[in-house]
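There is one chain below, alone, in structure tokens, taken in the form predicted on its own.
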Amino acid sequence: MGKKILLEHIDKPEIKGIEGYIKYGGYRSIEKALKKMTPDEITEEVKKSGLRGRGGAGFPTGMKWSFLFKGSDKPRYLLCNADESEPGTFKDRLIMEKIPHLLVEGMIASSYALGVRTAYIYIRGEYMYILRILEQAIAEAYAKGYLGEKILGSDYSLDLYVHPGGGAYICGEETALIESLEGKRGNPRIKPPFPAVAGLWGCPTIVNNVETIAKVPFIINEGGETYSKIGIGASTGTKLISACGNINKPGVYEIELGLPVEEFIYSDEYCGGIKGGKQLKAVVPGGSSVPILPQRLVTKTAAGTPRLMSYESLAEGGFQTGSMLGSGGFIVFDEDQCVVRNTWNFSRFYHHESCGQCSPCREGTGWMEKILHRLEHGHGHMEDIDLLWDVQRKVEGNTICPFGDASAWPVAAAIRHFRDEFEWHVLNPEECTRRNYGMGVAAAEPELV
């Protein structure tokens, strides 16, 4: 049984309310931070911990905090990115739904460290029921003196608000989130300037993910060095993984980074193996935006070493033979799954969610969806596979934000590792049509425009 930092008391129903949360050690970090530590000391502990952003990029949190511009009288802001919209990812929802005070405590401690007096939790629009849970937790924190003026008798004051988005995946990108919070359309900004210099309303701003902020109380209570000893190498601490797909035990698991991928899939403690006793075909290890790994590269790297649940091990070999830990959306495919169909499904999502600001993404996501639709539905040609490869290549790296890359990487990896499956779709149009339309003769080919 691995170390649990976030989910240790998840099975205690009373932990949802502030009295139960305090009973299990909640809000101790606020007492310690305000009475025994300076803001800079907290930032140093976060640096020592090696904590990396848990939203997908994995950037060192303490380093990001240190970028916050201090040569200005402008107010500073902390924004919690709770816009959890990555297909296959549902870990942050569990924290907010079951242990909302953990996030509130993390926001208070982090805000104090950053010199923030007003903070926001930007929550996914579809999580409206969780918004009400968070607002209740915030109200309880105000009533107990953990929020508001002169917290716990100190000179520090903080106001915390929850702001719902409109259900746009693009607002998970930090500058699009800021635009949306300002009341504008959620389009990503060109960087620089970075939010740490000019973010919300042109003021220094830090944006962190729910899971990232929820780790801060532990680091304050136990120390950054203690946290850094959990995990492996530069992948320190624990990670929440949203496991789904063709497994016996889908759900959210807190693992120590460095756990072998094979153990995570087949151990009864975690996924419990492939459903129905079928064979593993592939895994998408970090949410829909990361490259798919075929079975031969899931449990072992191309070099033959065991593949581990860590930032470095999953990325070993680059995108030729590796992938990314990403947001921790772990999607498992069994032997019966169609990679072309699943890739088309991802592409439908990215085409729908593109903000349209950048031409390569606006046009490229649509082309990729249409080509994949054509292949999946029995209208494909061999040259379509190369055309699809060419389109994704022209999208990647040519957009303001990483959304374009996120739409291209799954397509590139699918072709790289499963080209024979794409060719099968071209050579067996009647079977493709039968699977999708229930008939044996292909309908008229849709126009690719």
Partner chain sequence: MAKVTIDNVTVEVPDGTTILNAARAIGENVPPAMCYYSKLKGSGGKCRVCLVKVTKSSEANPRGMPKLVASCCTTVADGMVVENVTSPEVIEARKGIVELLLINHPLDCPVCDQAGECHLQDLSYEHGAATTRYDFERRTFEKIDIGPYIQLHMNRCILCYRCVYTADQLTDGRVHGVINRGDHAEISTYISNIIDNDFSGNVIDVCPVGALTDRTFRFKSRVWFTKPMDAHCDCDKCSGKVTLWLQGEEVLRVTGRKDQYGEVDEFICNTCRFERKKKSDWVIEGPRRIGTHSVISQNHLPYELNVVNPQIAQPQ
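From a predicted model like this one, the values you see are computed outputs, not experimental measurements. Positions refer to the first chain, counted from 1.
Keep in mind the form predicted in complex with the partner chain is missing from the figure; the text below concerns it.
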* **the partner chain contact in the predicted complex: Arg28, any heavy atom under 4.5 Å** => no
* To do: May I ask you to state whether Ser407 is within 4.5 Å of the partner chain in the predicted complex, using heavy atom distances?
  => no
* Asked: Does the 4.5 Å heavy atom contact test between Leu68 and the partner chain in the predicted complex come out positive?
  -> no
* Asked: in the predicted complex, does Leu387 have a heavy atom within 4.5 Å of the partner chain?
  -> yes
* Structure fact -> Exactly one of Lys278, Lys249, Arg296, His352 comes within 4.5 Å of the partner chain in the predicted complex through a heavy atom, and that residue is His352
* Pro217, Gly286, Gly364, Gly199 - the one with a heavy atom within 4.5 Å of the partner chain in the predicted complex -> Gly364
* Go through 49-57, 416-424, 399-407, 28-36 and give me the stretch that gets within 4.5 Å of the partner chain in the predicted complex, heavy atoms only. => 399-407
* Asked: Does each of Ser72, Pro75 and Gly148 have at least one heavy atom within 4.5 Å of the partner chain in the predicted complex?
  -> no
* For the heavy atom contacts within 4.5 Å of the partner chain in the predicted complex, list the residues of 164-181 involved, in sequence order. => Gly167, Ala168
